[in-house]
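Next up: the same protein chain in two forms, each one alone, written as C-alpha cells (structure 1, then structure 2).
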Structure 1
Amino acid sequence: MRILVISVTRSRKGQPVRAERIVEGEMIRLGRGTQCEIHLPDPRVALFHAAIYRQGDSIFIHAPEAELAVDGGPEREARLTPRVHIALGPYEMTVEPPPSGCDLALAIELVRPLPDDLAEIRAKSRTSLEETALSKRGPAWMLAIVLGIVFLLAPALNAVLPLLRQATVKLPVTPDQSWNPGQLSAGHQAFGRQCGSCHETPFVHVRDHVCIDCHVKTPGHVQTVGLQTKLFGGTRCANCHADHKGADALVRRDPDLCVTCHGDLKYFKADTTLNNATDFAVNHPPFKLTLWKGPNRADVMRVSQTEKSKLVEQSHLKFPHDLHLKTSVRGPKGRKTLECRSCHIPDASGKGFEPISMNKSCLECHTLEFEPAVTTRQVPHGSVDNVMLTMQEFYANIALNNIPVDVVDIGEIQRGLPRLGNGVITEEQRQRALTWAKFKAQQVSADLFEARVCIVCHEVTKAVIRGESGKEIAWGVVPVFVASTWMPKARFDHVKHRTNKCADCHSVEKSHSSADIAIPDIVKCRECHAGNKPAANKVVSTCVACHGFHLPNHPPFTVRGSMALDAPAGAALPVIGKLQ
C-alpha cells in the first residue's frame, strides 16, 4: 500500500503550505510513538492512535482504543474515500483523490495547537527540593555510609575473617559478590562462590601452586628460572589465563600469545632449527611431515614439504590408489564402485578416521582362500605362523579322513595315506599323514605367499631351512607401518571440512604407489584459510586453530635472566602402528 501524506501548515497570512512525502507498508500506523509511519507529535495523541490498512479493494482506518470523528460523527473504524474528513485529536485529516502510482492521498493539518502558556504552566507545576525544607546533605551522607558498609566494609570483613566467610558462603548473595569483576569460566563455576579456593590470601594475586594443585596433569609450556624477565615479568599462570572474563575466556586464542616467542625464536635460542611464525597468511614456514624411517618404531624424521625428493612413505605396503578409485572394480562378489569413504571411515569423534584393517576394509575383495575347490575357509591375516598352522591342520584332517583334494602323485607318501575303515591308524600311518600335510601346506603356501595373495599387498621374504622332512621354506612378511597422522603436534578436524570433497585436498586419483604422500601443502590451505586478519571468502585462522599449547611430553620453555630459551627443536614422534 502506497500513501501520499500531505502535511499542511499555515503561513503568517493564513495561506496553506503543503509538504508531500510517500509512505509505504502493509499497515500504516498513526500516533505519537516514533515507530509510527505517520508521526503526530502532539502530546494529546496516543502513542499508537490508529492504523490504516487495506481490505479487498478498499482502504480503512481503525482506532483500537480511541474514537475518530468521521465527518462529525464518532466512529472506531471508517472507510477512506475522497472528501472524507477525519478528526484525530487536534489533527484534521482530509482524504484527497490519489495521484497516479498511489493508493491513497491524505492531507493532515494541526487545527488545534497547544496554547502559548503551556511552558509557563509546566514550570509552575514543579516543586524544588529547597522548597520542601529538606536538605541534600543528610541523605547524601547517609547514602555514602550505607554504600561504604555494603560494598567496602562487609566484603573486606568477609575476605579476612574465615569464620564469617564460612557462614556466608551459603547465602543467596555473599558479601563479596559486589567485588566479583565478572563471570567465571565454565570449569570454575562449580566452586565459584568459594572465592578462597583460589584467592587463598586476601588482596594477593592467585599463586601458581593453587592452579597446579588442581591441574596437576596439565603439562607446562613456560617456566621461569632465576631473575624476573622483562618478557614475562615473572610468568604466572594467570598472566595468560585470566578468569572472571566469561565462560569461554579462560583459554586465550589471540595470536600474540604465540607470536611473543615464535616471532623471533633466534633471539631466545640462537641454534634453533625452527623458523619464525607470526601469521599463517604471510609468515608461516612450510609444513613439515613426520615420516617413519625405521628400523625401530620410534625412528622418525621430519621432512619439509618443499623437499619433494624426501617425501616418500616407507610403509612396506603395496597400495595403488589409482587401481582402487574406479567406477567398476572387479571383486569376488562382482563389480563395485569404490570411493574414498569405502575404506576411510570416520571415527566416533568425526575428526579423524578409524584404522584401516584387513578385516574391515580389504577382505571383501582380497580373500585369503587357499583351497577354494574344497572349502570356503580362509587363512588368518597377520601372523605367518598362524597361516602355516591353519593349513597344516586342514591338510592333516584331509589326510586322516581320506578326502581327495588334488591329483598330484607324491609317490610313497600318497600311497601310504591311511584308510579309516576300522577307525584305527598306526603310528606309521599317522606320521605319513603328518608328513603329507606339511608337504601340502608348503606347496600351497608357495602359491599363497609368492604368487596369488600376500605378495599382492606385502613385501614377502623367503628363506630355506632344513626341517624334519627335509628342506622347508620359511616365509616372512615385512611389517607394515602406516602413519595415522602426518603432523602429530597439529590439529585437524575433518568434520569442519565435510563440505569439501576428499579430492579437493588429497590428489590420489593418479597415485600408483603407497610411497606417494597426498597431504596438502600450506599453499593449498591458504586458498581457504586467512591468517590473523579477516580476508574475503576465507576463514580467520590464528595459531591456536591448528596448534595446542600445553602439549604432553613437550618440555617447557625455560625463560632465564639472560633471555635464553632452552627448548629442544627435535621432531615429535608420529602415531605409527602396524596395519591391523
Structure 2
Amino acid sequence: MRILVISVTRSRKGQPVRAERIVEGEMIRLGRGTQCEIHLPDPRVALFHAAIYRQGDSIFIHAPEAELAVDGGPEREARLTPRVHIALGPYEMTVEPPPSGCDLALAIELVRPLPDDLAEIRAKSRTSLEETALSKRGPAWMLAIVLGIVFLLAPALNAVLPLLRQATVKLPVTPDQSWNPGQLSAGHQAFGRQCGSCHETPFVHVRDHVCIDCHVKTPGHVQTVGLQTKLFGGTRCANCHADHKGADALVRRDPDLCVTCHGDLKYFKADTTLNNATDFAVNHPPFKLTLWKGPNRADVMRVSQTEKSKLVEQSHLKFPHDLHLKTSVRGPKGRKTLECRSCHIPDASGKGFEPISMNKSCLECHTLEFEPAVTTRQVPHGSVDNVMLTMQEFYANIALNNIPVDVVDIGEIQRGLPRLGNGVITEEQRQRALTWAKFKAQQVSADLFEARVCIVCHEVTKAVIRGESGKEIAWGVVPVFVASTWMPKARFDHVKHRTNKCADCHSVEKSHSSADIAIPDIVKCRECHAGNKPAANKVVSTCVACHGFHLPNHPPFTVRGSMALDAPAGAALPVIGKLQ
C-alpha cells in the first residue's frame, strides 16, 4: 500500500502550503508515538491513535480506542474514499483523489493548534502600525515634506527673498544655518549670519569684489593676467582664504599657494627677473639686500648676498664696531664695556631696533664741546645751522655782557675783543661786538667740523661763500642713512630668535668700518630652518612663515585684475613647479 501524505501548513497570509511524502506499508499507523508511520505530534493525539489498512479493494481507517469524527459524526472505523473528512483530535484529514502509483492521498492539517502562551502574550502587548489609524506611508511623506521645508525650501526662499531675509536675521537660528558648511573665521562672525554679505547670488561662488569692497586697503601681490592665471586659480581670494574652516583658519598656509606660480614664475610673468622658489631647504634664491644708493631716501638697490664685492654699505656714518666692542672702552666717567644693547635698543614690537641715536648712544663719550677753554658748553647735535647759531650766541653773550654766566676763564677767549667800556653801549659798538662773535664762531667751527668733533663720525663738506664779513665757510654734513630694513620682501623677527646670541648671526666684532655688512645669508638661516618637509632639529618653514602675500607698496587688487573669478571653487592649486 502506497499513501501520499500531504502535510498542510498555513503561510502568514493564510495560504495553504503543502509538503508531500510517500508512506508505504501493509498497515500505516497514525499517532503521537514515534513508531507511527504518520506521526502526529500534538499531545491531544493518543500514542497509537488509528491505523490504515486495506481490505479487498477498499482502504479503511480504524481507531481501536479513540474516536474519529467522520464527516462530522463520531465513528470508530471508516472507509477512505475521496472527499471524506476525518477529524483526528486537533488534526483534520481529507482524502484526495490519489495520483497514479498511489493507493491513497491524504491531506493532514493541524487545524486547532495548542495556544502558545508566550507568543500570545507578546502578540497582545504589541500594537502594530496596522492596528492604529495610521499607516507607514503617511508619516514617511510627512517627514520628507518637513525635511524639504526645513533644509531646502526655507533656506532657498531665505536666499532669494530679501524681505524674508531681513525678518529672519533677527531669529536665534536663521533658516540658512542648515547650509552652513562650518564655522566662519573670527573676523567674519560679526556679520556671518548674513550669508548674503559674501554669497551674493545663491549657488554662485564667492566673488573677489565682495572681499575687496570691505578690504580696500589690503595691498595686492603682482597682478598676473592671461590664460595661465585663469587656469591655475591665480589670485582669487577664496583660493587662499576658504572660509568656514573655524575661527582661526582663514589663511591657508601650505606652500602650494605660492609654488603654483613661484615654481615657474616666467610662465606667469615673462619679463620677471626673480628666480623660482619651491622649497626653502632646497630651491630658494640667495637673499638680496636692500642698500641705499641715494641721493633720495627711496633710492635703493638690491644686491645679492653672493656678490660679495658689491656688498658695501654707504651710510655716510663712520663707525668701527671693533673699537667699541673691546672689553673696556674709554669714556668720560671711566672705562666701560659696551654691549649690543647699549646702542641697539629693541623697538616696541621687539622685531627690530630703534634707529641709532647719537644723543642716546654716542654723546655720553663723544661730547660736542666747541670751545677748548669751556668744557661745560656743547653744541646741539643734528643741524649745522643750530651748531653755528649756538656758537655765535655764546660768543656774542661774552662780548656784550662782558661777563658770560657759565664761563670760568674768559681771558683767552676775549683776546681781540674791542673794549666796550662800562655803561651804555652804542649801536656801532654793538655791531662790532657781533661781528667779532661771528668771526670767533667761524674760527672755532673749522676745528669743530674739520679736525676734532663732527669729522670723527661724519663726512664733512666745506664751501666758501660770500658772507657779511667777506669770505665765509659754509660747513655741511653728508646726510646719514642707517638702514633699518635690509630685507623688506620678507619678515624677520628678532623676538623669535632671542635665544640666540647676536654674534651667531652678526659677526661685527672684527668689523672696522661701517661699510661692512654683517646681515646673515640664506646659509645661516638653513642651519635651523627646514623647508616644506620636516628635518631633524629644524623648524618646518613654508613660504608664509617668512613672507606675506599682500606686500606693502603693491597696489591693492582690483576686481578686473583678479582674473580667476570663474575658476572652480576651492579647486586645489596644481603644483607645476619642478620640485627638486
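What we label the rigid core is the largest C-alpha set whose atoms superpose within 1.5 Å from one form to the other. Counting starts at 1 with the first residue of structure 1 and goes up one by one along its sequence. Model, not experiment: these values are computed from the prediction.
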Quiz item: Structure 1 or 2: which one is the form predicted alone?
Solution: 1
Practice problem: For residue 197, decide whether the Cα shift between the two structures is 2 Å or greater, given a superposition on the rigid core. | Solution: yes
Self-check item: Rigid-core frame, C-alpha of residue 56, shift of 2 angstroms or more between the two structures
Solution: yes
Self-check item: residue 258 C-alpha moves between the two structures by 2 Å or more, core aligned
Solution: no
Self-check item: Per-residue Cα shift, residue 163, between the two structures [Å; core superposed]
Solution: 5.0
Quiz item: After superposing on the rigid core, how many Å does the CA of residue 78 move between the two structures?
Solution: 85.0
